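Heads up, the chain below is alone and in the form predicted alone; it's given as C-alpha coordinates.
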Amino acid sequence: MKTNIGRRIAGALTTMALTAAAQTATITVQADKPGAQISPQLYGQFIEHLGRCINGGIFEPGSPLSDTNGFRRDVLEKVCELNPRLLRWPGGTFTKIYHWQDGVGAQSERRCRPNLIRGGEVDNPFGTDEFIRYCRAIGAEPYISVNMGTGSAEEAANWVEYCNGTGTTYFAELRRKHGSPEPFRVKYWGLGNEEEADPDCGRLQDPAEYAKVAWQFAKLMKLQDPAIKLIVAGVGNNTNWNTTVLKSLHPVADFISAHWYFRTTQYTNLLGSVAAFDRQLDAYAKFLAGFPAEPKGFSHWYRFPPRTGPVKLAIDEWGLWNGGAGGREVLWNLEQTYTWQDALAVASWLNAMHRHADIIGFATWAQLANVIAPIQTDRNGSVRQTIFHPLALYAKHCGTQAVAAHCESPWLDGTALPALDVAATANDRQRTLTVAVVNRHATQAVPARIEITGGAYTLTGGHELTAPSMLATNSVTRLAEDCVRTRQLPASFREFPPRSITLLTYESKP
(Lines give C-alpha, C1' and ligand atoms only; values in the text may rest on other atoms or scores of the structure.)
Protein backbone atom coordinates (compact mmCIF):
# COMPACT_ATOMS: atom_id res chain seq x y z
CA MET A 1 0.00 0.00 0.00
CA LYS A 2 1.43 3.39 -1.00
CA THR A 3 1.16 6.39 1.29
CA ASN A 4 1.62 9.99 0.13
CA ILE A 5 3.83 11.78 2.70
CA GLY A 6 2.90 15.19 1.38
CA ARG A 7 6.23 16.56 0.21
CA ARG A 8 6.10 18.66 -2.93
CA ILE A 9 9.28 18.39 -4.92
CA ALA A 10 9.72 21.08 -7.61
CA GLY A 11 6.43 20.88 -9.39
CA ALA A 12 6.13 17.28 -10.55
CA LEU A 13 8.67 15.78 -8.14
CA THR A 14 6.96 14.01 -5.24
CA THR A 15 8.05 11.44 -2.71
CA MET A 16 6.00 8.42 -1.70
CA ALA A 17 6.74 5.89 1.03
CA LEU A 18 6.17 2.15 0.85
CA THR A 19 5.30 -0.15 3.68
CA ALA A 20 8.27 -1.73 5.44
CA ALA A 21 7.55 -5.03 3.70
CA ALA A 22 8.35 -3.60 0.26
CA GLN A 23 12.08 -2.92 0.22
CA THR A 24 12.72 -2.05 -3.40
CA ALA A 25 12.52 1.62 -4.36
CA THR A 26 11.31 2.95 -7.70
CA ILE A 27 12.82 6.15 -9.09
CA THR A 28 11.41 7.83 -12.19
CA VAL A 29 13.20 10.74 -13.82
CA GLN A 30 11.21 12.72 -16.38
CA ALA A 31 13.82 13.90 -18.83
CA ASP A 32 11.17 15.62 -20.93
CA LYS A 33 10.24 17.87 -17.99
CA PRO A 34 13.25 20.08 -17.40
CA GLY A 35 12.80 22.72 -14.73
CA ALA A 36 14.57 25.90 -13.73
CA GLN A 37 18.21 26.69 -14.21
CA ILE A 38 20.30 25.94 -11.10
CA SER A 39 22.40 28.89 -10.10
CA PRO A 40 26.10 27.97 -10.08
CA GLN A 41 26.25 30.13 -6.95
CA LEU A 42 24.10 27.64 -5.08
CA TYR A 43 27.38 26.23 -3.75
CA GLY A 44 28.69 29.50 -2.33
CA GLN A 45 30.55 30.03 0.94
CA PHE A 46 30.64 32.65 3.68
CA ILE A 47 33.48 34.07 5.76
CA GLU A 48 33.07 36.35 8.79
CA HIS A 49 35.39 37.87 11.35
CA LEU A 50 34.25 35.32 13.89
CA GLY A 51 36.51 32.98 15.83
CA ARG A 52 39.12 31.35 13.58
CA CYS A 53 37.20 31.51 10.33
CA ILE A 54 39.43 34.16 8.74
CA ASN A 55 42.39 34.74 11.08
CA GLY A 56 43.86 31.31 11.74
CA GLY A 57 41.58 29.71 9.17
CA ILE A 58 41.90 30.88 5.59
CA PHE A 59 44.38 33.65 6.48
CA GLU A 60 47.50 33.29 8.62
CA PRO A 61 50.41 35.57 7.71
CA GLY A 62 53.72 34.27 8.99
CA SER A 63 52.68 30.63 9.03
CA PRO A 64 54.98 28.25 7.12
CA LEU A 65 51.77 26.94 5.52
CA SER A 66 50.83 30.35 4.08
CA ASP A 67 51.70 32.03 0.78
CA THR A 68 52.94 35.59 0.28
CA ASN A 69 49.37 36.90 0.59
CA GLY A 70 49.01 35.28 4.00
CA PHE A 71 46.55 32.71 2.60
CA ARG A 72 46.88 29.21 4.04
CA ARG A 73 47.92 27.10 1.05
CA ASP A 74 46.51 23.87 2.49
CA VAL A 75 43.14 25.52 3.09
CA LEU A 76 43.16 27.25 -0.30
CA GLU A 77 43.61 23.89 -2.00
CA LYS A 78 40.58 22.48 -0.21
CA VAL A 79 38.49 25.57 -0.88
CA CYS A 80 39.21 25.18 -4.59
CA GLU A 81 37.89 21.61 -4.36
CA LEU A 82 34.62 23.04 -3.00
CA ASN A 83 34.61 25.38 -6.02
CA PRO A 84 32.44 28.09 -4.43
CA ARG A 85 31.27 30.46 -7.15
CA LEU A 86 30.30 33.11 -4.59
CA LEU A 87 31.99 34.24 -1.36
CA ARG A 88 30.21 36.44 1.20
CA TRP A 89 32.03 38.80 3.61
CA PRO A 90 32.54 40.54 6.14
CA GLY A 91 29.43 39.24 7.92
CA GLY A 92 27.09 38.25 9.36
CA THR A 93 26.37 40.19 12.49
CA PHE A 94 29.90 41.58 12.41
CA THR A 95 28.78 43.73 9.48
CA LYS A 96 26.96 46.04 11.90
CA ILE A 97 30.21 47.34 13.41
CA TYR A 98 32.53 47.04 10.41
CA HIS A 99 33.90 50.21 8.82
CA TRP A 100 35.57 49.27 5.58
CA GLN A 101 38.17 52.05 5.66
CA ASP A 102 39.70 50.43 8.76
CA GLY A 103 40.80 47.53 6.55
CA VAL A 104 42.46 49.15 3.54
CA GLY A 105 45.93 50.58 2.95
CA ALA A 106 49.20 49.74 4.67
CA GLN A 107 48.88 47.18 7.46
CA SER A 108 50.72 49.51 9.85
CA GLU A 109 48.07 52.21 9.33
CA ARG A 110 44.96 50.10 9.81
CA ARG A 111 42.76 50.85 12.78
CA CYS A 112 42.27 48.49 15.68
CA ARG A 113 38.78 48.64 17.19
CA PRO A 114 36.96 46.83 19.98
CA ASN A 115 34.73 44.05 18.68
CA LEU A 116 31.36 45.17 20.02
CA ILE A 117 29.70 42.02 18.69
CA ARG A 118 31.97 39.19 19.89
CA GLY A 119 34.30 40.87 22.39
CA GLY A 120 38.04 41.38 22.09
CA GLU A 121 39.64 43.51 19.39
CA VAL A 122 39.74 43.62 15.59
CA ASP A 123 42.98 44.85 14.03
CA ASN A 124 41.84 44.42 10.41
CA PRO A 125 44.73 42.66 8.65
CA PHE A 126 42.19 41.08 6.27
CA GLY A 127 40.22 43.80 4.51
CA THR A 128 38.66 44.60 1.14
CA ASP A 129 41.78 44.14 -0.98
CA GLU A 130 42.66 40.83 0.73
CA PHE A 131 39.06 39.64 0.30
CA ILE A 132 39.08 40.41 -3.42
CA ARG A 133 42.44 38.66 -3.85
CA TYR A 134 41.05 35.60 -2.08
CA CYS A 135 37.96 35.58 -4.31
CA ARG A 136 40.17 35.72 -7.38
CA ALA A 137 42.36 32.92 -6.04
CA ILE A 138 39.38 30.55 -5.66
CA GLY A 139 37.40 31.73 -8.70
CA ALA A 140 34.47 33.14 -6.72
CA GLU A 141 32.33 36.23 -7.22
CA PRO A 142 32.65 38.59 -4.24
CA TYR A 143 29.53 39.40 -2.20
CA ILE A 144 29.87 42.26 0.29
CA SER A 145 27.40 43.12 3.07
CA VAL A 146 27.35 46.78 4.13
CA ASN A 147 27.05 48.24 7.63
CA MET A 148 23.52 49.50 8.34
CA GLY A 149 23.99 49.32 12.12
CA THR A 150 26.71 51.87 12.89
CA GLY A 151 27.44 52.90 9.31
CA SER A 152 25.88 55.34 6.87
CA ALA A 153 24.56 55.22 3.33
CA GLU A 154 27.39 57.51 2.25
CA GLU A 155 29.97 55.13 3.73
CA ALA A 156 28.40 52.22 1.83
CA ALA A 157 28.35 54.22 -1.42
CA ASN A 158 31.99 55.13 -0.96
CA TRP A 159 32.75 51.42 -0.59
CA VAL A 160 31.05 50.77 -3.93
CA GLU A 161 33.17 53.56 -5.43
CA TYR A 162 36.35 52.06 -3.96
CA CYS A 163 35.53 48.65 -5.41
CA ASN A 164 33.95 49.54 -8.73
CA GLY A 165 34.87 53.13 -9.56
CA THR A 166 36.46 53.71 -12.97
CA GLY A 167 36.93 57.48 -12.91
CA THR A 168 39.37 59.76 -11.15
CA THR A 169 37.23 60.19 -8.02
CA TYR A 170 38.77 60.02 -4.58
CA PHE A 171 37.96 56.43 -3.56
CA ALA A 172 38.64 54.97 -7.02
CA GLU A 173 42.05 56.67 -6.88
CA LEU A 174 42.54 55.36 -3.34
CA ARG A 175 42.06 51.79 -4.62
CA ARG A 176 44.68 52.45 -7.28
CA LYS A 177 47.01 53.88 -4.66
CA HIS A 178 46.60 50.62 -2.73
CA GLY A 179 47.80 48.61 -5.72
CA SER A 180 44.65 47.77 -7.72
CA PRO A 181 44.45 49.87 -10.90
CA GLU A 182 41.49 47.88 -12.29
CA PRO A 183 38.08 47.99 -10.63
CA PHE A 184 37.03 44.96 -8.59
CA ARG A 185 33.57 44.90 -10.23
CA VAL A 186 31.78 43.64 -7.14
CA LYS A 187 28.27 42.79 -8.33
CA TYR A 188 26.52 41.56 -5.17
CA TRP A 189 25.88 43.89 -2.22
CA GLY A 190 23.86 43.04 0.88
CA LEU A 191 21.88 45.79 2.62
CA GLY A 192 22.72 44.82 6.19
CA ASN A 193 22.30 41.48 7.92
CA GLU A 194 19.56 40.14 10.22
CA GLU A 195 18.50 43.69 10.95
CA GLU A 196 15.52 42.54 13.03
CA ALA A 197 17.77 41.19 15.82
CA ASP A 198 17.32 43.08 19.10
CA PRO A 199 20.34 41.89 21.15
CA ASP A 200 23.12 43.17 18.88
CA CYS A 201 24.31 46.60 17.71
CA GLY A 202 21.66 47.06 15.05
CA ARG A 203 19.07 49.86 15.05
CA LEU A 204 16.53 48.89 12.40
CA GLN A 205 14.42 46.22 14.09
CA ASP A 206 11.18 47.63 12.67
CA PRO A 207 10.65 46.44 9.06
CA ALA A 208 9.17 49.74 7.88
CA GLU A 209 12.13 51.64 9.34
CA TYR A 210 14.57 49.19 7.79
CA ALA A 211 12.90 49.61 4.39
CA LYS A 212 13.02 53.41 4.63
CA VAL A 213 16.74 53.47 5.49
CA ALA A 214 17.55 50.72 2.97
CA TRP A 215 16.05 52.87 0.21
CA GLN A 216 18.62 55.58 0.93
CA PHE A 217 21.44 53.02 0.91
CA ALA A 218 20.12 51.57 -2.36
CA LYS A 219 19.93 54.98 -4.04
CA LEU A 220 23.43 56.12 -3.13
CA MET A 221 25.00 52.75 -3.91
CA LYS A 222 23.18 52.39 -7.25
CA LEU A 223 24.17 55.91 -8.25
CA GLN A 224 27.79 54.84 -7.80
CA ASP A 225 27.27 51.73 -9.95
CA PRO A 226 23.83 51.07 -11.50
CA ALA A 227 24.84 47.49 -12.41
CA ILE A 228 25.15 46.18 -8.85
CA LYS A 229 22.68 43.61 -7.51
CA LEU A 230 21.13 44.25 -4.09
CA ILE A 231 20.19 41.72 -1.40
CA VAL A 232 17.71 43.00 1.19
CA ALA A 233 17.56 41.53 4.70
CA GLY A 234 14.75 39.04 5.13
CA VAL A 235 13.79 36.99 8.18
CA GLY A 236 13.18 33.25 7.87
CA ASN A 237 9.50 32.70 8.55
CA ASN A 238 8.60 36.28 9.56
CA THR A 239 5.92 36.99 6.95
CA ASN A 240 5.19 40.47 8.30
CA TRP A 241 8.84 41.54 8.05
CA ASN A 242 9.37 40.06 4.58
CA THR A 243 6.11 41.47 3.20
CA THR A 244 6.71 44.96 4.57
CA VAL A 245 10.28 45.03 3.28
CA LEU A 246 9.54 43.75 -0.22
CA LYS A 247 6.41 45.84 -0.72
CA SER A 248 8.67 48.86 -0.36
CA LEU A 249 11.97 47.66 -1.79
CA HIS A 250 11.02 45.17 -4.51
CA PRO A 251 11.76 47.58 -7.39
CA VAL A 252 15.45 47.49 -6.44
CA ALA A 253 15.66 44.21 -4.50
CA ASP A 254 17.17 41.52 -6.70
CA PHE A 255 17.18 39.09 -3.74
CA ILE A 256 15.72 38.76 -0.27
CA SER A 257 17.84 36.86 2.23
CA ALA A 258 16.85 34.05 4.56
CA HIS A 259 18.99 32.10 7.02
CA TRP A 260 18.55 28.47 8.06
CA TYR A 261 20.52 26.66 10.75
CA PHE A 262 19.80 23.14 11.97
CA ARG A 263 20.48 22.83 15.69
CA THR A 264 20.04 19.19 16.64
CA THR A 265 22.25 16.12 16.89
CA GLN A 266 19.24 13.76 16.94
CA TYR A 267 19.21 12.15 13.51
CA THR A 268 15.48 11.87 12.83
CA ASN A 269 14.96 15.42 14.09
CA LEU A 270 17.70 16.55 11.73
CA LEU A 271 16.00 14.91 8.75
CA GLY A 272 12.67 16.29 9.91
CA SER A 273 14.24 19.75 9.77
CA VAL A 274 15.30 19.11 6.18
CA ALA A 275 11.71 18.15 5.31
CA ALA A 276 10.46 21.32 7.04
CA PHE A 277 12.98 23.33 5.00
CA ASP A 278 11.51 21.81 1.83
CA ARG A 279 8.03 22.96 2.90
CA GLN A 280 9.31 26.43 3.78
CA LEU A 281 10.69 26.77 0.28
CA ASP A 282 7.19 25.99 -1.01
CA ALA A 283 5.88 28.90 1.04
CA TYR A 284 8.61 31.19 -0.27
CA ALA A 285 7.70 30.27 -3.84
CA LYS A 286 4.13 31.44 -3.25
CA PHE A 287 5.31 34.57 -1.45
CA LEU A 288 7.77 35.65 -4.15
CA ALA A 289 5.20 34.99 -6.87
CA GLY A 290 3.23 37.91 -5.44
CA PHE A 291 5.77 40.42 -6.73
CA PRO A 292 6.02 41.36 -10.42
CA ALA A 293 8.85 39.88 -12.45
CA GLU A 294 9.52 43.34 -13.88
CA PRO A 295 8.76 46.48 -11.80
CA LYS A 296 6.33 48.91 -13.41
CA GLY A 297 6.27 52.69 -13.22
CA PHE A 298 9.83 53.10 -11.96
CA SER A 299 10.62 56.80 -12.15
CA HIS A 300 13.43 57.92 -14.44
CA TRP A 301 14.34 60.47 -11.78
CA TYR A 302 16.06 57.72 -9.82
CA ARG A 303 18.76 57.90 -12.52
CA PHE A 304 19.38 54.17 -12.34
CA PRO A 305 17.29 51.26 -13.65
CA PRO A 306 15.07 48.98 -11.56
CA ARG A 307 15.86 45.33 -11.08
CA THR A 308 15.35 42.97 -14.00
CA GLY A 309 13.85 39.53 -13.55
CA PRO A 310 11.98 38.15 -10.55
CA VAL A 311 13.03 38.63 -6.93
CA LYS A 312 14.97 35.52 -5.90
CA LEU A 313 15.73 33.97 -2.51
CA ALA A 314 19.28 34.39 -1.20
CA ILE A 315 20.04 31.69 1.36
CA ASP A 316 23.16 33.52 2.40
CA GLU A 317 23.60 31.63 5.65
CA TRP A 318 22.84 27.94 6.00
CA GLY A 319 24.50 25.31 8.09
CA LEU A 320 24.56 22.92 11.03
CA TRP A 321 24.97 24.63 14.39
CA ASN A 322 24.83 21.89 16.98
CA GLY A 323 26.91 23.52 19.72
CA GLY A 324 27.95 21.34 22.62
CA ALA A 325 29.77 21.62 25.92
CA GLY A 326 31.97 24.62 26.58
CA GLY A 327 29.61 27.53 27.27
CA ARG A 328 30.70 30.94 26.03
CA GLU A 329 33.81 29.60 24.28
CA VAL A 330 31.67 27.39 22.05
CA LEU A 331 29.08 30.13 21.59
CA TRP A 332 31.62 32.55 20.16
CA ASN A 333 34.11 30.23 18.45
CA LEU A 334 31.53 27.74 17.22
CA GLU A 335 34.08 25.07 16.36
CA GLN A 336 32.52 21.67 16.08
CA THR A 337 33.21 18.29 14.58
CA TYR A 338 30.66 16.94 12.11
CA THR A 339 29.56 13.33 11.83
CA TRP A 340 28.58 11.33 8.76
CA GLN A 341 24.89 11.69 9.63
CA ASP A 342 25.42 15.45 9.30
CA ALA A 343 26.81 14.86 5.79
CA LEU A 344 23.72 12.84 4.85
CA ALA A 345 21.54 15.74 6.00
CA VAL A 346 23.62 18.23 3.99
CA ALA A 347 23.14 16.14 0.83
CA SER A 348 19.37 16.02 1.44
CA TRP A 349 19.44 19.77 1.97
CA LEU A 350 21.18 20.25 -1.39
CA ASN A 351 18.56 18.03 -3.02
CA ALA A 352 15.84 20.28 -1.61
CA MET A 353 17.53 23.36 -3.04
CA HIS A 354 17.82 21.70 -6.46
CA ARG A 355 14.13 20.93 -6.33
CA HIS A 356 13.42 24.61 -5.70
CA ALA A 357 15.95 26.04 -8.14
CA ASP A 358 13.28 28.28 -9.63
CA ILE A 359 13.27 30.59 -6.59
CA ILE A 360 16.86 30.31 -5.24
CA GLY A 361 19.29 32.88 -6.57
CA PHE A 362 22.23 31.64 -4.54
CA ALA A 363 23.24 30.04 -1.25
CA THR A 364 26.32 30.44 0.94
CA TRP A 365 27.29 27.89 3.57
CA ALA A 366 28.11 29.44 6.96
CA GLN A 367 31.07 29.28 7.35
CA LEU A 368 34.09 28.22 5.32
CA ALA A 369 36.79 27.38 7.90
CA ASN A 370 36.73 26.31 11.58
CA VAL A 371 33.47 28.09 12.52
CA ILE A 372 30.69 25.51 11.90
CA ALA A 373 32.66 24.74 8.77
CA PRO A 374 33.57 22.06 6.21
CA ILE A 375 37.30 22.72 6.75
CA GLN A 376 39.06 22.46 10.11
CA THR A 377 42.59 23.73 10.76
CA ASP A 378 45.36 23.86 13.32
CA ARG A 379 48.91 25.15 13.03
CA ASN A 380 50.07 21.85 11.48
CA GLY A 381 47.47 21.37 8.78
CA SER A 382 43.81 21.06 7.89
CA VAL A 383 41.18 18.42 7.23
CA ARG A 384 38.03 18.00 5.20
CA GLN A 385 35.14 17.48 7.60
CA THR A 386 32.48 14.94 6.66
CA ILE A 387 30.15 17.66 5.33
CA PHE A 388 32.90 18.82 2.96
CA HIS A 389 32.42 15.76 0.77
CA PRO A 390 28.78 16.20 -0.35
CA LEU A 391 29.34 19.95 -0.83
CA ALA A 392 32.29 19.26 -3.13
CA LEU A 393 30.63 16.31 -4.91
CA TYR A 394 27.45 18.20 -5.81
CA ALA A 395 29.34 21.31 -6.94
CA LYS A 396 31.51 19.23 -9.25
CA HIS A 397 29.08 16.73 -10.75
CA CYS A 398 25.49 18.00 -10.61
CA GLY A 399 23.95 19.56 -13.68
CA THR A 400 22.84 23.12 -14.38
CA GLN A 401 19.10 22.50 -14.69
CA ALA A 402 16.56 20.86 -12.40
CA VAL A 403 14.63 17.89 -13.78
CA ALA A 404 11.39 16.43 -12.45
CA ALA A 405 11.79 13.15 -10.55
CA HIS A 406 9.63 10.85 -8.48
CA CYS A 407 10.63 8.27 -5.86
CA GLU A 408 8.72 5.49 -4.16
CA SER A 409 10.87 4.49 -1.20
CA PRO A 410 10.79 2.31 1.90
CA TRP A 411 10.16 4.12 5.14
CA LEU A 412 13.01 5.20 7.32
CA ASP A 413 12.51 3.08 10.44
CA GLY A 414 10.13 4.60 12.95
CA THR A 415 9.46 7.75 10.94
CA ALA A 416 7.19 9.15 8.28
CA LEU A 417 10.26 9.94 6.17
CA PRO A 418 11.47 8.07 3.09
CA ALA A 419 14.78 6.26 3.35
CA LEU A 420 15.76 7.59 -0.08
CA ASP A 421 15.87 11.28 -0.88
CA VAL A 422 16.13 12.04 -4.59
CA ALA A 423 16.69 14.97 -6.93
CA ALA A 424 17.68 15.07 -10.58
CA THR A 425 19.59 17.56 -12.71
CA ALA A 426 20.70 17.87 -16.31
CA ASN A 427 23.28 19.79 -18.25
CA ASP A 428 22.08 22.64 -20.45
CA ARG A 429 21.53 20.49 -23.52
CA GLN A 430 19.92 17.55 -21.70
CA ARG A 431 22.71 15.26 -22.89
CA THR A 432 23.67 14.22 -19.36
CA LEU A 433 21.34 13.50 -16.44
CA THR A 434 22.57 13.26 -12.86
CA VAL A 435 20.37 11.52 -10.31
CA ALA A 436 21.33 12.37 -6.71
CA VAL A 437 20.18 9.79 -4.17
CA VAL A 438 20.75 9.82 -0.42
CA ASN A 439 20.10 6.52 1.37
CA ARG A 440 19.53 7.83 4.89
CA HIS A 441 19.07 4.40 6.46
CA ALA A 442 21.89 3.59 8.87
CA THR A 443 22.06 -0.16 8.24
CA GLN A 444 19.94 -1.22 5.26
CA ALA A 445 20.83 -1.12 1.59
CA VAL A 446 17.98 -0.17 -0.72
CA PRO A 447 17.79 -1.73 -4.19
CA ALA A 448 16.10 0.46 -6.78
CA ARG A 449 14.50 0.35 -10.20
CA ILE A 450 15.38 3.51 -12.07
CA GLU A 451 13.45 4.59 -15.15
CA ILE A 452 14.21 7.57 -17.39
CA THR A 453 11.17 8.76 -19.35
CA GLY A 454 11.02 11.25 -22.20
CA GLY A 455 14.28 10.22 -23.81
CA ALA A 456 16.77 7.43 -24.42
CA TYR A 457 19.47 7.44 -21.73
CA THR A 458 22.09 4.93 -20.63
CA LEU A 459 23.60 4.64 -17.15
CA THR A 460 27.33 5.17 -17.53
CA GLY A 461 28.40 5.09 -13.88
CA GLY A 462 28.56 7.54 -11.01
CA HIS A 463 30.08 8.52 -7.70
CA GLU A 464 29.38 7.19 -4.21
CA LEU A 465 30.22 8.43 -0.72
CA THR A 466 29.90 6.28 2.39
CA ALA A 467 31.39 6.09 5.88
CA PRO A 468 31.91 3.23 8.34
CA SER A 469 29.28 4.53 10.77
CA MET A 470 26.75 7.30 11.20
CA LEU A 471 28.97 8.94 13.82
CA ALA A 472 32.25 8.72 11.88
CA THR A 473 34.26 11.96 11.92
CA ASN A 474 37.41 13.57 10.60
CA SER A 475 39.69 15.60 12.85
CA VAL A 476 42.84 17.72 12.81
CA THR A 477 44.18 15.30 15.41
CA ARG A 478 44.24 12.70 12.60
CA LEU A 479 45.45 14.71 9.62
CA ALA A 480 46.34 11.68 7.53
CA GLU A 481 42.94 9.97 7.92
CA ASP A 482 39.63 10.44 6.14
CA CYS A 483 36.63 8.40 7.28
CA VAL A 484 34.72 9.10 4.06
CA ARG A 485 34.99 6.38 1.44
CA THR A 486 34.66 7.41 -2.19
CA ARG A 487 33.95 5.04 -5.05
CA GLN A 488 33.53 5.28 -8.80
CA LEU A 489 30.43 3.31 -9.74
CA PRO A 490 30.09 0.89 -12.64
CA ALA A 491 27.26 1.04 -15.15
CA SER A 492 25.83 -2.12 -13.56
CA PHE A 493 24.94 -0.27 -10.32
CA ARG A 494 21.57 -1.37 -8.87
CA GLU A 495 21.60 -0.86 -5.07
CA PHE A 496 22.16 2.08 -2.73
CA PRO A 497 24.30 1.06 0.27
CA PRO A 498 23.27 2.13 3.78
CA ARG A 499 24.19 5.72 4.82
CA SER A 500 25.30 6.59 1.28
CA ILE A 501 25.29 9.58 -1.03
CA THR A 502 25.21 8.61 -4.70
CA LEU A 503 25.28 10.59 -7.94
CA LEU A 504 24.35 8.44 -10.96
CA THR A 505 25.24 9.64 -14.46
CA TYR A 506 23.09 8.94 -17.51
CA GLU A 507 24.09 9.86 -21.03
CA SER A 508 21.64 10.36 -23.90
CA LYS A 509 21.88 7.88 -26.74
CA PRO A 510 22.76 9.29 -30.16
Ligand code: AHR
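Please read all numbers here as calculations on a predicted model, not as lab measurements. Don't overthink the numbering: it's just position in the shown sequence, from 1.
Although it is not shown, the form predicted in complex with the ligand is what the next lines describe.
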{"item": "is_contact(residue 53, the ligand) in the predicted bound form, heavy atom dist at most 4.5 Å", "value": "no"}
{"item": "Residue 321: touches the ligand in the predicted bound form, heavy atom cutoff 4.5 angstroms", "value": "yes"}
{"item": "Close approach of residue 334 to the ligand in the predicted bound form, 4.5 Å, heavy atom", "value": "yes"}
{"item": "Residue 259 within 4.5 Å of the ligand in the predicted bound form, heavy atoms", "value": "yes"}
{"item": "Residue among 367, 382, 386, 409 with a heavy atom within 4.5 Å of the ligand in the predicted bound form", "value": "367"}
{"item": "Heavy atom within 4.5 Å of the ligand in the predicted bound form - the one residue of 372, 245, 419, 344 that qualifies", "value": "372"}
{"item": "Stretch from 92-100, 229-237, 411-419, 204-212 whose residues place a heavy atom within 4.5 Å of the ligand in the predicted bound form", "value": "92-100"}
{"item": "118, 194 and 317 each touching the ligand in the predicted bound form (heavy atom, 4.5 Å)", "value": "yes"}
{"item": "Contacts with the ligand in the predicted bound form, stretch 37-59 (heavy atom within 4.5 Å)", "value": "46, 48, 50"}
